[in-house]
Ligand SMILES: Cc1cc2nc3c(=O)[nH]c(=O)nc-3n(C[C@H](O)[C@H](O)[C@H](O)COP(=O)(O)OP(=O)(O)OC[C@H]3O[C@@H](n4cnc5c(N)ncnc54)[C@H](O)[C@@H]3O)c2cc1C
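In structure tokens, the next block holds one chain alone, the form predicted alone.
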């Protein structure tokens, strides 16, 4: 169903963006969504506005019976079965379609969390690791909403270090059951779910996934009193010799890490679109208020510093969409080059794009945090009141930098995965080559030719910094987290800048009437990113020079980070004016 216009095959291994150029026609963008995909999104949007938003106060009061009722209604509209294979009562849709639906559900993050936990981490482990018998037994009931799913990985003593779990699974004397004992924490849908994917260690060291029904003895703790997402159930799970039939082992004994980490990649690849839904909502609330609120004799939207905030939110909404749909399109194309029904192939493909998944997770969650913070500021003192919408959005957004792997963990994953997948590129020789390359001159006729030339140098900078760090630190590089995080930020910016440029150029090529606005946004983002990149690169160079006394690196890096810049203040004003004229996010 993914309606990309590209003809070039996409590599099943991600992270290739540093050594290739994203041609606009080969990048999937939001504007490429098909009528069928938009129809699914419209169905989800109407469901949220008609069924969920009118009763959200009851959800915030922990009416979990109502949550289940709403999930059942969602199933009647096919919203619980999008990614379940047709053979088991699902639709087997592509990631783009599922993500676009997720955007609409995310307009209420609490219910979005309940539905998302069910359809993603609560169901997909079974889709991709279950036996035929397990799938036939559970998937149709998950698709219909008869069963609600949940995922139990985290423990009191093991968060990011998931493999340090202490929950045990002991085979009974008759060999027919495993007895699970331990405690799980922060389980979404924990208070009312029926089927849990629970991770435990067999024999003390074999990390393994199990399908566990509540009736087998799972006990939920009280609902956590959280900073945000008040309308979703989050509890501990207590397991006291819970007897699980041996046929409910999910996947292979000792290979639970494959289930856990692949499912997290699934979550990350779709998370960006949901985060951008929040950015757009924050902007829409902020611009509406700014047009109505008057101070010093005029609407506050007329003041330059309010325009700067509105423009900043619009920029982040555009760039985050460009990044998210670019990745979704690339992953869907890579999957469709094979067989979408081939579970191992799908898992391998998504794992291959783990760099892009981590990039989008970090960037979009931090963009959301910035947007709700600045949106609240537009409201001034009212923003701090629970009678106005940004207060709740501010609280709800905070978790996005923690779940699906903390942003710190994901920052470490970006360079470490690149080093693992392309060791021949990220070494001393590769660094020297990157520093010496002169990016090709681009046609000055293009409105974004300067930005295109900068992103080419930005990719060389990424290779040079990571290759130099690898050569300088060797096997101890993994311990230099501060250096790796700065390099990760440079790589993230390279992906963000190129994605924004490609989307803007594709809109221009298609004759989209908003192309000039998109060009302004891409130019402003590149301008701002150049400053962040320069600061990060200087820190890395200083650390490496102190270790290697190589002064040549600094000169080469300085050439790569140079950027002439634009009149960003004027461009931001044009972007803000477009937002104000539209009265909402204009793209």
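Residue numbers count along the first chain shown, from 1. Given the structure is predicted, the values throughout are model-derived calculations rather than measurements.
Missing here is the form predicted together with the ligand; even so, the following discussion is about that form.
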item	value
Answer option from 154, 470, 120, 167, heavy atom within 4.5 Å of the ligand in the predicted complex	154
Contact residue in the predicted complex, chosen from 91, 299, 136, 402 - any heavy atom within 4.5 Å of the ligand	402
Residue 245 within 4.5 Å of the ligand in the predicted complex, heavy atoms	no
4.5 Å heavy atom contact, residue 373 and the ligand in the predicted complex	no
Contact flag, residue 234 vs the ligand in the predicted complex, heavy atom cut 4.5 Å	yes
Heavy atom of residue 180 within 4.5 Å of the ligand in the predicted complex	no
Stretch in contact in the predicted complex with the ligand, which is absent here, among 508-516, 452-460, 214-222, 183-191 (heavy atoms within 4.5 Å)	183-191
Sequence-ordered list of residues in 257-295 near the ligand in the predicted complex, where near means a heavy atom within 4.5 Å	none
